[in-house]
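First comes one chain, alone, set out as structure tokens in the form predicted on its own.
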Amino acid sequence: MLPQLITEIPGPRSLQLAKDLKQYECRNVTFTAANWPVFWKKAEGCNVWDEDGNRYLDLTAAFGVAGLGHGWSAQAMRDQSGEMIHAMGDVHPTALKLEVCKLLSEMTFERWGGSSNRGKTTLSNSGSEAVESALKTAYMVTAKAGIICFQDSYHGLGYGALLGSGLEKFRLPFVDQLAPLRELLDFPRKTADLALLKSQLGAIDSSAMGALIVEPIQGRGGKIVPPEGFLQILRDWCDEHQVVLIFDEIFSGFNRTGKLFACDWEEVTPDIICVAKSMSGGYPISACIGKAEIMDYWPESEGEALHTSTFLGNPVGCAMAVASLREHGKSTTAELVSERSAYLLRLLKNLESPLIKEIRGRGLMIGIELIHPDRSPAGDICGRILTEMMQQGIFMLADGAHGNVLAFTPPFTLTDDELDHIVARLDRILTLCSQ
């Protein structure tokens, strides 16, 4: 449904809630201003309603979580919560935990290499935790602490995840508490950049490196699609130097790019893959899935797990994940993303604005990079556009190291009429901002 606005945006209740929240929440968490934020109350499909009763279109899928649509797995949540909402995931688990792990194996390593190539999983609660599980696993395998990562990469904000972070604005405030384990490489944007990548890899002391972690398509770094051959270069180098190759598909996984996983575009298989976000459609659950022979470097449990958490394998999250994973496993889901993406890209390519440097992405993971006339990053203009679009009833986010990339990561089910409406509004606002 198209937006329906009945108050000024933000409305009076959102403004009051923001004022009250500032009194009780750490001031670093939620940005508040005279025109920000809106407090959400209800969501369904591609729509969100706020506390003042206004209806919006959501181009964020709530940080990429609601790929199948807001509320898609709510019935699974209701059904399971009527039975049990918490178990003991690493002591007395539910059958649902087995079902999730089995589905993840089938969707990853068994699909890539046949049913005998089983994957094994460590479940957790957030993408950052999945990354930390992967980095710990790599150390178990190699006994080498070094981590290779990429400029502007984003793997979460926990201390373990920050060890391999490439977005300095998140890492630098805590750098004195982080071990100096990182080798930072440039993320290639075009084929010519692959020569530099090979040179940088060749200069690394591989004897100190245990893990190489990479987003097959950079998400928060600016929706950057690397050139063909990038992942294969990494795969070959890791094989040669006994380094564990980790694909962070927390954002790009589960059909976001038009294939089940972004690495499927190059048909390159990692040693470990990290997933979260759209895995359940709305419940905090994530997974680190590795080749069985990799994951079996962990010692067998003797009653006390080395890496676990209270809510590991939560039955509600697992029930929602089972429903979502089954839907993501259908070929029709990827086909829908490809079809919607083609339509959206046709609309975006028709935009004419001196502010637009590049439109890029894959599937429904698209970014518009904005620049000033002097070619400097236009993060300030992005912020203005986000506010103007919100006041038109459309939620968007900005990505990139400079906050100058408008992000399109909507639910997969946006209609032609909704996309037409969104891009028409964006066109008007771009014209206004360029004057």
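Keep in mind it's a predicted model, so treat the numbers as computed, not measured. Start at 1 and count along the sequence shown; that's the residue number.
Although not depicted, the form predicted in complex with a small molecule is the subject of the following passage.
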**Contact of S128 with the small molecule in the predicted bound form (heavy atom, 4.5 Å)** = yes
**Message:** Within 4.5 Å, heavy atoms only: does G146 come near the small molecule in the predicted bound form?
**Reply:** no
**Prompt:** Taking the shortest heavy atom distance, is F150 within 4.5 Å of the small molecule in the predicted bound form?
**Reply:** no
**Message:** Whether E215 contacts the small molecule in the predicted bound form should be assessed with a 4.5 Å heavy atom distance threshold; does it?
**Reply:** yes
**Stretch in contact in the predicted bound form with the small molecule, which is absent here, among 260-268, 293-301, 155-163, 228-236 (heavy atoms within 4.5 Å)** = 155-163
**Complete:** Of A321, A211, I250, I289, the only residue with a heavy atom within 4.5 Å of the small molecule in the predicted bound form is I250
**Request:** Scan K97, R340, H328, R220 and let me know which has any heavy atom within 4.5 Å of the small molecule in the predicted bound form.
**Result:** R220
